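We begin with a single chain expressed as structure tokens, specifically the form predicted on its own.
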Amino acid sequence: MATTTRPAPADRARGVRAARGSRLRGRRDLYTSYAQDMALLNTPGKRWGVGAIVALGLALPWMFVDPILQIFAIGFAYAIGAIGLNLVTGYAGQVSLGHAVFVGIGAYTAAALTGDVDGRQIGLGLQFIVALPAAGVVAGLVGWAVSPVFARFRGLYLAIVTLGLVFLGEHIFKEWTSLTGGLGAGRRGAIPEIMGWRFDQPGELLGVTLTANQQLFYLTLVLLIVFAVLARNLARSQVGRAFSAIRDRDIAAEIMGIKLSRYKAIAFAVSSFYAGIAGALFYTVNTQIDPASFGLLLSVQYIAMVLIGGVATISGSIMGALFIAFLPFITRQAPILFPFISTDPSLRDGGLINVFQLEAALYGVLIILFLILQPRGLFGLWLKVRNYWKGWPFSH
């Protein structure tokens, strides 16, 4: 009679560790355990790539002048908001045109909490380390509060309803002068001061003198990495899979037991939280908040970031945000090559179109071109380049 012997506990533990860590030689994409498949950086290429990007990010402040660093800092703030919009629109499939309102709520919350107590507008004089998360929480709570209304619609109707929120928010921002300063006057953005250290003023750290833009660059870069990792983990979690199921077929998702209203509310709340953080950071770098800034154009800019970067990808959101952040810088150089483009908004120098009109038109043109020619955006282009070199010299 044949007998079987159970492996000792130590042998079983070694087997589990081997299953988690082993890879077949030459088959890097073959996973032998669920832990390998769910790892955040599940291939050597990703680990090396992320390490190289972080190293490059730390070196950039010593490679570029301050005006370029400011554009990078604005791009990083944009990217946090774009990640939030991608979570609700790309991952959960809920098209939202109301992102500008939540950006504005975050910007004014942080400005009011860090503002001067004796100033003309509302100010509590708190630290930035309190104001920044509070900006996200307040925006997230507003997103959670309006989500029951949004959850009743989908598709085009949902886009129209969220568009109405933009007009409502824009009106409130213009009329609430004690908070916003009113149209044309505005107020100062959040003051980035933590424990007496001002990130918006030159300072010396560990014997190295840093300019204000270098410090704001590092501040926004670190926050972008933190929020990108959190969003990536959320997308891989049970909540993220519920988002994808709702996006792909909401009726089937409900039949499987996914509570649509609950997960749509989570999607809107998380997206609004990210928008609030982005608003607080953007106007920390940009210093001045104008109530007219939170209109439909800002929502279109965020939609452009998601579509140009790539829908339902965290990396694509960052690519799209940096692309949109550098777009004004690129259009300002256009009059050098094309004399019919003017830098004068009134076109008194005989130009056919000014750089501001060109910039607004490019948002629409780029959205159309990417949807037709490259639906997966810049992230899709990167995948094509990566797959070409992975298969080289037999790529076809």
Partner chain sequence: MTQLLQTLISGLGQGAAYSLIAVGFVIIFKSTHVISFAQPALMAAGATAVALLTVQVGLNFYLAVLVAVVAAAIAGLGIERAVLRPMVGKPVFIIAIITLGLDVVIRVITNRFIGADVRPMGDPWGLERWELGALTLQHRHAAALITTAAILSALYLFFRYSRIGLAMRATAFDQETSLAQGVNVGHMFGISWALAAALAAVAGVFIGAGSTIDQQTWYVGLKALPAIILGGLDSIPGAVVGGLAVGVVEALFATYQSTYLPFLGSNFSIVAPYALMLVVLLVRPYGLFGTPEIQRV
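Given the structure is predicted, the values throughout are model-derived calculations rather than measurements. Numbering follows the first chain given and starts at 1.
Absent from the display: the form predicted together with the partner chain. The rest refers to it.
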Only one of 131-139, 150-158, 214-222, 200-208 gets a heavy atom within 4.5 Å of the partner chain in the predicted complex; which is it?
150-158
So in the predicted complex, does Leu126 come within 4.5 Å of the partner chain, heavy atom to heavy atom?
no
Would you check, heavy atoms only and a 4.5 Å threshold, whether Gln357 touches the partner chain in the predicted complex?
yes
Using 4.5 Å between non-hydrogen atoms, is Asp116 touching the partner chain in the predicted complex?
no
Using a 4.5 angstroms cut-off on non-hydrogen atoms, would Ala252 count as touching the partner chain in the predicted complex?
yes
Since exactly one of Ala52, Met38, Leu352, Leu58 fits, which has a heavy atom within 4.5 Å of the partner chain in the predicted complex?
Leu352
Considering non-hydrogen atoms and a 4.5 Å limit, which listed residue (Ile303, Ala245, Leu322, Ala228) is close to the partner chain in the predicted complex?
Ile303
Give a yes or no on whether every one of Ile80, Val88 and Ser272 sits within 4.5 angstroms of the partner chain in the predicted complex by heavy atom.
no
What residues of 36-59, in sequence order, lie within 4.5 Å of the partner chain in the predicted complex by heavy atom?
none
